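Before any questions on how it binds or moves, here is one chain, the form predicted on its own, in structure tokens.
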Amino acid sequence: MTFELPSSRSSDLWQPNRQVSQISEGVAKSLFMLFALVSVGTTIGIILTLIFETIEFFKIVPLWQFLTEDRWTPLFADAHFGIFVLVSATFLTSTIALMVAAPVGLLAAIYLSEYASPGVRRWLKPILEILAGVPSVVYGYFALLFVTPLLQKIIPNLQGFNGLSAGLVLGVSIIPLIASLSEDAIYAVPRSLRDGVYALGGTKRESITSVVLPAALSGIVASLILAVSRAIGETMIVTLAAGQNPRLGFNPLVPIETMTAYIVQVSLGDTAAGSLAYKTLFAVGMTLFLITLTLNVFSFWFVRRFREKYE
């Protein structure tokens, strides 16, 4: 049996196709790079806008006053600019939300990954993730018109606008985020680790608590931090259910105002552009940005550290 080498004529036929392929790959590469640059450029533009407007704000209001005052009344004649009034309300609702979402989401993730049959997992996980698609304004009215009246039957001194119902419904809204990401992290743990526990006579519970959860800890912690960032940045739920009454403290039974709720209040159009009250919008936005950035950086650091530890 003999083989004939391709003739020079056949190789010439392949040359145009190769050139077309190279041109199309170059166009695709340039297009994808353009999309990436648009995303990066948008992020840089947002950050620069926050920085420049925040600098203008601090030219009028001293940073020390911004950090130490115990009242937040920038829209009043007697203006005060204590940002921790809004920060305390934001952390109050986010803490309540995490107390609701963390155990429910984590237990749901464990069930889906370790106990549910493939058929149940196939239809239950998408149903759980449907909650993530519910508009936040719907959650807000649900908290205001259903959860609050229900809680007032149990807690008589609970006011119509309060941090408790806002935090509880906010926790429900972030359950899919924790459950989905944690389930992915748990499901990614190698089967051989579980089999090793069973081979030593361990039970499924011991396998989950001793091997699976520690191995998936970085993904679980990342999901919790991302969920907290989502709760801190939530707008409509806290605006509709918690009210717009800035007060310093951690009482969940009274009206409060979070950072995002204040941003909504200023953005309604009643505040003159360029005024001091208008500049507070960017100061609060920069504070919110720094808090969420810190949480995300910690999440990336934690995940990388544990990956290096277990690799």
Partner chain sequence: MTVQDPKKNLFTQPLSSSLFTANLPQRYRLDRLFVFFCLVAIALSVLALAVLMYDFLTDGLPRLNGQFITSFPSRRAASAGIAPALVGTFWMLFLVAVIAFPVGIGAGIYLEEFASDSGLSRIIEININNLAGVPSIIYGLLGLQLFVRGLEPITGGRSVLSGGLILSLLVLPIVIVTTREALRAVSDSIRQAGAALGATQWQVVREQILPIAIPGILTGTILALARAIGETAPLVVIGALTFVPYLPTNLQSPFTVLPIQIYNWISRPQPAFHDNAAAAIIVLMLVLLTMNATAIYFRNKFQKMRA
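From a predicted model like this one, the values you see are computed outputs, not experimental measurements. Positions refer to the first chain, counted from 1.
If you look for the form predicted together with its partner chain, you will not find it shown, but the lines that follow are about it.
Quiz item: Can you check whether Tyr198 is within 4.5 Å of its partner chain in the predicted bound form, heavy atom basis?
Solution: Contact check for Tyr198: yes, within 4.5 Å of its partner chain in the predicted bound form.
Quiz item: Within a 4.5 Å heavy atom cut-off, is Ile208 in contact with its partner chain in the predicted bound form?
Solution: Judged by the heavy-atom cut-off of 4.5 Å, Ile208 is in contact with its partner chain in the predicted bound form.
Quiz item: Is the gap between Phe250 and its partner chain in the predicted bound form 4.5 Å or less for some heavy atom pair?
Solution: Because no heavy atom of Phe250 falls inside 4.5 Å of its partner chain in the predicted bound form, the answer is no.
Practice problem: Please run the contact check for Phe58 against its partner chain in the predicted bound form: heavy atoms, 4.5 angstroms, yes or no? | Solution: Taking the distances in the predicted bound form, the answer for Phe58 is no, it never comes within 4.5 Å of its partner chain.
Practice problem: Kindly indicate whether Val38, Leu128 and Asn296 are, all three, within 4.5 angstroms of its partner chain in the predicted bound form, using heavy atoms. | Solution: Yes, the whole candidate spot contacts its partner chain.
Self-check item: Stretch from 217-225, 138-146, 71-79, 86-94 whose residues place a heavy atom within 4.5 Å of its partner chain in the predicted bound form
Solution: Result for this chain: 138-146.
Quiz item: What are the residues of 32-56, in order along the chain, with a heavy atom within 4.5 Å of its partner chain in the predicted bound form?
Solution: Sequence-ordered list: Phe32, Met33, Phe35, Ala36, Leu37, Val38, Ser39, Val40, Thr42, Thr43, Gly45, Ile46, Thr49, Leu50, Phe52, Glu53.
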